[in-house]
Structures are given as structure tokens and as C-alpha cells.
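A single chain comes next, written as C-alpha cells; it is the form predicted on its own.
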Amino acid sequence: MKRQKNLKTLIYHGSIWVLGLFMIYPILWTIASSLKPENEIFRNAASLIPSEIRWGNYLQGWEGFGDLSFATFFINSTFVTTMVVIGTLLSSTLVAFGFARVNFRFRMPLFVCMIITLMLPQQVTLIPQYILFHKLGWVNTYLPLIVPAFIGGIPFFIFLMIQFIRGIPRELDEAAYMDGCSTFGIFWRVILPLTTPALATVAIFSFYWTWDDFMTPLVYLNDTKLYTVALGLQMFSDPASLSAWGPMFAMSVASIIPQLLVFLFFQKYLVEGITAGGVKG
């Protein structure tokens, strides 16, 4: 019996290790490729051990293009991502509180509309949004990337916050009303402090999605000085000439570091927020 139990444990842990290595292999491959000589990256692609370590790929990648250092792309991405995270937290929390706690006319039809937009692929709304932002004169600025976050442009986060707020007992609202609290006071003093795990989850996902986003900056930004990290990486690839694969992989590794740090520092809140939202919803 004990032998059978040990065999099951061995199979279980072995499967986890194999699956973990399978999932982490692309990251390890990127790190190894960022340290390989240019002619070895694809010639010896299966190997994770470079014949010669080239730290120069990182220096060459950071120098960027002409007078444009790769630090510029990091600063641009940091600005856009920070603004999007702030806007997403403000808008999704306020809208979710309205749907979850406030009775108003057309609440259900509006909620259904919000759920429908949740199912729409981004590509469906891309052209109408571009026409709108073009008429407003916002193309080649950061406004098309930032403003939608401040007006509830990501329904998934609103839905997540609604589910979390619905799990908070209404008796807390009634007690606050009895103490003379207004509706906004209930939101600010009662609901908002209790939604910290969900807010952390929204902030982390918003950070990941914005930092990695390639399509939206590609559509709206034309000036290379405004490019984000994702567009900066694309500049290393030149179909008409030689691509700088080593520096590109080096900067790809550098672009992962902020995401890795966010995950390491906030993974506790990420798991807690998703679990609480799922159970209480």
C-alpha cells in the first residue's frame, strides 16, 4: 500500500516538473538566445547553453536606434501603463459599485449591454474607435491608449469588481446609512477599503495587458519617440535587411523584468482577489 502511494506521489511530482519545464522553456530559450552570438541563435536553436556568452547584446540593444535609446521606450511604456492602471481602477470600481449597489432606471439593460461588450473581440471595435479618435485629432498621441481606461473601457474588470462587491454584506451599507453616510460616502469609506484584493487583481492584470499590448500602440502611434517597449522590440526586426536578433532577445528579457517583479511582489493579492471574486460571486 505504501509502495503504491509512493509511486503515485512520484508520478504526480514528475508530471508537475515536466509540465513546469515545458511551460518555462520559451523563457529559458529567450534568455539563452539573448546571450548567444548572432550566428548561433538559430543554427544551434535547441541548445540552452551558449558557446560564448555575449553580454554585448544587452549593451547594443539598450543603445537603441540613432539618438533614441531603448530607455525611451521603457519610459513611454511606464507612463502609459501607469495611467491606464490608475484609470482602470477608478472607472471599474465606480461603475461596478453603481451596478452592484445603486438602484437606477435601466440598470439591467445597461448591465446586459456591458456583458455583451465583454464578449466582443477587440478587433470588432478597432475601426470605429480609430475613426472616432481620428476625428478628435488624438491619433499619434497617448490619448487613445489612456482615455478608454478612465471611462470603463475594459468590461472584464467591471464585471470582476461587481462580483466582488456583491459578496460584501449589504448590512454594512444600511449601517452606514443609519450613521448619516451618503451613497458616495458608503463607496469611499465602506466598500472601497474592503475591495483591496480585487483592486490589486485588477491593477496587476491591467499592468500586464497594457505593458504587453502591441496592437493598440501600433495602430495609433506613428512617431518613434512615442513608441512603447512592444513597438521598440519590433524595430530590431527588419524583413528587408539583417535583423538584430541578439539585441532583440536581450531587450525582450529586459522587458520581462517589470512583469516578473510585479508578479513576485503582488502574487499574494492576485490569488486572493481571484479566489475571493470567484467564491463570493
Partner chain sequence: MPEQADVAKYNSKSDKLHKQWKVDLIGFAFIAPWLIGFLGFIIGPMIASLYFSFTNYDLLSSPTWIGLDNYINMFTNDSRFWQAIKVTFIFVFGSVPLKLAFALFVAMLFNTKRRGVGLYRTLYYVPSILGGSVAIAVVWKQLFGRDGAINDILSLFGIPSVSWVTSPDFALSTLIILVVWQFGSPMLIFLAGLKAIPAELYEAAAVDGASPLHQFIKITIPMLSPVIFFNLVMQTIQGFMAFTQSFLITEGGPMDRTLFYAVYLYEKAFAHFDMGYASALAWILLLICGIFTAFIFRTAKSWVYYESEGGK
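Because the structure is a prediction, the values reported are computed rather than measured. Positions refer to the first chain, counted from 1.
Form predicted in complex with its partner chain: not shown, discussed below.
Here is the short version: of T196, T117, T78, N140, the single residue with a heavy atom within 4.5 Å of its partner chain in the predicted complex is T117. For the options I86, C181, L192, L110, the one in contact with its partner chain in the predicted complex, meaning a heavy atom within 4.5 Å, is L110. Shown alone here, P26 lies within 4.5 Å of its partner chain in the predicted complex, counting heavy atoms only. Looking at Q60, you'd find every heavy atom of it more than 4.5 angstroms from its partner chain in the predicted complex. In the predicted complex, none of the heavy atoms of I53 sits within 4.5 Å of a heavy atom of its partner chain.
Within 4.5 Å of any heavy atom of its partner chain in the predicted complex lies no heavy atom of K225. In the predicted complex, I151, G152, I158 are the residues of 151-181 with at least one heavy atom within 4.5 Å of its partner chain, listed from first to last.
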